[in-house]
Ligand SMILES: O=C(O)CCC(=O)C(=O)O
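For reference, the chain that follows is the form predicted alone, supplied as C-alpha cells.
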C-alpha cells in the first residue's frame, strides 16, 4: 500500500501545523441497494485507509441522525448527574456500565484519560430489566437508547453485508453469519463525555489504539479525533462532516478478512481545551464464540480478544509496554514519533487552513 503523502488541508494545533486527513465518503442509501460502484468503494476504503465517512443525509439515514441528536441530549443530562448516580453499579462488564474519568491511560505520557463513559450493550437493552443506573432507567431514556442501538445495528450490518458481497463471500462464510442478532456478543453503544483539558491537565484525551470491534460507527460534531492512516508518518485530524458518521475497521474484521483490511490507528486529543466534547460510538462485534487468528498467530474467540484488549486499555503505562504490540494497535505497524509522547506546552485556538 502506498504511503499517505498528499495533504491538502492543515490546522494549527499546539503550535504545530498538523494534517487534516481527507477520507472517502460512502453513501448509506447506495449501500442499502447494493449498488456495485458503492460496494466496491467501501471495500477499497477498508483495504486502504480503514476509515471512511458514511453519508446518512438521505431519507433512509436521516432518522438515524435524529436518533443521535436525541441520544446527545440524554447524554448531557446523564453526565450532569452526580458521580454517585452515574456510578451506581460501576462497570458491570467490560462492555456494560460506567467508567469515570481517569480509568485508562491518557494520550500523553504520565497522564490519565480525559473522558467519562457509559456503555449499554445490545444484549442488555433487550432484557426485561436492563442493568442501568436509575437515572437512566425511565421509559423515555431507555427508548432513546434502544432506538439508537437498533439504528446503528442496521447501518453497520448494511456495511458488513456489502463487504461480504464485495469479497465474493457466500453462505456461512459471509461476515454477517458471525454477527447474528440472537447470539451473545459484546456489541455496545458507548456514550463519551470528554472534559475540558488544558495543557497542564493530568486527564487528557484517549490514548492511541485500534478498536476491538468489527466496525465502529462514530457520531461526533466536534473536532478532536486524530488518525494515523497506514503509511502516514504523523497523526492528523478528522474533520467532522455534517450529516455523516465516521466508520472504521476494527481488529476483529481485520482478522476475519485474513489481514486484508486495515484497522486504522487513532486517538482523541483536546482541540479546544475549554469545551465539553460529546461523542457516540457503536461498536459492532462478532459473536462471542467466533474464532479467528489474531496478529500473534493465536486461534482465539472474539470474546477472548475483547476481554484481553479491554484489560490492556485499563492497565498502567508500564503494563501496556510489556503487552504484545499487537494488543493496543491490533498488529498495525507505525513509526513512533517521540514528540507524540510529550504533552504540549500550549494548546491554542485553532484556525483551519485549506
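Residue numbers count along the first chain shown, from 1. Just so it is clear, the structure is predicted and the values come from calculations on it, not from any experiment.
One more form of this protein, predicted in complex with the ligand, exists but is not displayed; see below.
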(message) So the ligand isn't in this model. With the ligand brought over in the predicted bound form through superposition of the site C-alphas, is the pocket blocked (at least 3 atoms within 2.4 Å of backbone or C-beta) or open?
(response) open
(request) Indicate whether the ligand has at least one heavy atom within 4.5 Å of a heavy atom of residue 268 in the predicted bound form. (result) yes
(request) May I ask you to check whether residue 71 falls inside a 4.5 Å heavy atom distance of the ligand in the predicted bound form? (result) no
(message) Given that the ligand is not shown alongside this chain, does residue 125 nevertheless sit within 4.5 Å of it in the predicted bound form, heavy atom to heavy atom?
(response) no
(message) Under a 4.5 Å heavy atom criterion, is residue 284 part of the interface with the ligand in the predicted bound form?
(response) no
(message) Going by heavy atom distances of 4.5 angstroms or less, which of 209, 95, 179, 86 would be at the interface with the ligand in the predicted bound form?
(response) 209
(request) Find the only residue in 225, 159, 107, 247 having a heavy atom within 4.5 Å of the ligand in the predicted bound form. (result) 225
(request) Run the contact test on 163, 215 and 254 with a 4.5 Å heavy atom cut-off to the ligand in the predicted bound form and return yes or no. (result) no
(request) Within 4.5 Å of the ligand in the predicted bound form, counting heavy atoms only, one of 217-225, 196-204, 73-81, 141-149 shows up; tell me which. (result) 217-225
